[in-house]
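The chain below stands alone and is given in C-alpha cells; this is the form predicted alone.
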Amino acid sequence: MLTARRVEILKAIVDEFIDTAQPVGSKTLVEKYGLPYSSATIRNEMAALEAEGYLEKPHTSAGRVPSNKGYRFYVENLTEKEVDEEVKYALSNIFDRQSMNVEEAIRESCKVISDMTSLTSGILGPDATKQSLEHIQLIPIDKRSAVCVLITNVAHTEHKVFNFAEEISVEDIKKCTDILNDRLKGTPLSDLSEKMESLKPLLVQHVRQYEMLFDAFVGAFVKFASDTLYFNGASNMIYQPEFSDIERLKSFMGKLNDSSLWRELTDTGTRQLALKTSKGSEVAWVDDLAVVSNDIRVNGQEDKVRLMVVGPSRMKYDKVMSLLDFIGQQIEKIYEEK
C-alpha cells in the first residue's frame, strides 16, 4: 500500500535518479531532500516500496532506483509542471513562418524538442498499409522542377519536389497527371509502383517526355508507400549513461528505422504499464526505455501524425509531456485555421 510517506519517498527517489542517474540511498534523502524521517525509517519504507515493485536494487549498490512501475505511478500522480513562458515564446517562433506547411512545422518542432530535452524525438506518420491514393497534383515551379502533391483516402498529404534533367512542358505534366488520377485512384499505396508499370504503354502513347515523369512518380510512390518515420537527435543518446554500453547504443540506433516497432511501442493498448495521461500524452515503457507520444490531427484528417520523444526511463517526464502537449495543441490550432 502506498501511504503518503511512501509516496513522498518515492517521488524524492525518482527526482534524484532523474537528475543524477545514480542509485539513491537514505542518507541522500535525509540530507538533500530534508525528509523528516530517520534513515532507518526511510530504509524500511524503501524496502517496502521495493517489495511492492516500485523500486529496484542494483546488484552493485546499496541504493535504489525506480522500476517501470515506479515511473508509471510518478507520471500518473506526481507530475504537474507546465511549459514556462520563455519556452512558449521560443516555440511560437516556429509557427510564425507563414510559408511552412504542416509537415515542415512538425519536423521543425521535432528538432526543437530534441534540442530542449537532449533526447531523441521522432515523427511517425499514418500507417501506409491502410491507405489508398485519392488524388495527385503536379504544380510546376519552373521549367525543370515541380511540386508533387499526393493525397490519400484519409486526407493524408505528402509533398515531394521533382527536379528534372531537362525542361518539361506543362502539357506533358497535365496529360500525365490526368492519366494517373484516372487510373490510380483507389489503388492501395503498396500497389502503386506495380500499377505504374502497367500504365507505361499508355504514358508512352500520350506523354512526350514520359520517361522523366514516369521515373519521378515511381520514386515518389515508393517513398509514399513506406511508413513516414523520422528521428532527430539520435546522437543525444551517446551522452546518456544508460547507453554507455556501445552494444546497447548500436541496438537502439538499429531500431530507428523499424516503423512497426515504434507503432507497437506507442500503442498503449498493448502494454501493461503503458499510460494515457490526462493531458493527452501517452507513455510506454519497455526495458529501460521510455517513449512519450502525442497524436496530432489537422485539416480534418482521419489519420494522425504521432510526435514522439524517446529516451531512458530516467527522463524529465513533466517537461517532455508539457512540450509535446503544447506543440500538438499549437499545430492543430494554427493549421486548422489555414
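Rigid core here is just the name for the largest C-alpha set that superposes within 1.5 Å across the two forms. The numbering used is simple: start at 1 and walk along the sequence shown. This is a predicted model, so every value here is computed, not measured.
Beyond what is shown, the protein has a form predicted in complex with the DNA; the following relates to that form.
Of the stretches 309-317, 31-39, 66-74, 280-288, only 31-39 has residues with a heavy atom within 4.5 Å of the DNA in the predicted bound form. Using a 4.5 Å cutoff between non-hydrogen atoms, I9 does not count as a contact of the DNA in the predicted bound form. A residue is said to contact a partner when one of its heavy atoms sits within 4.5 Å of a partner heavy atom; A274 fails this definition for the DNA in the predicted bound form, lying far away. Heavy atoms of R297 never reach within 4.5 Å of the DNA in the predicted bound form, leaving it off the interface. Although the partner is absent from this view, E52 stays clear of the DNA in the predicted bound form, with no non-hydrogen atom inside 4.5 angstroms.
For a residue to qualify, one of its non-hydrogen atoms must sit within 4.5 Å of the DNA in the predicted bound form; none of L189, S193 and K200 qualifies. Shown without its partner, the chain has V24, G25, S26, T28 in segment 11-32 as residues with a non-hydrogen atom within 4.5 angstroms of the DNA in the predicted bound form.
If you fit the rigid core between the shown form and the other one, you'll see the Cα of T60 move by 2 angstroms or more. Cα of T60 to Cα of A48: at least 3 Å shorter in the predicted bound form than in the shown structure. CA of T60 to CA of Y37: closer by 3 Å or more in the predicted bound form than in the shown form.
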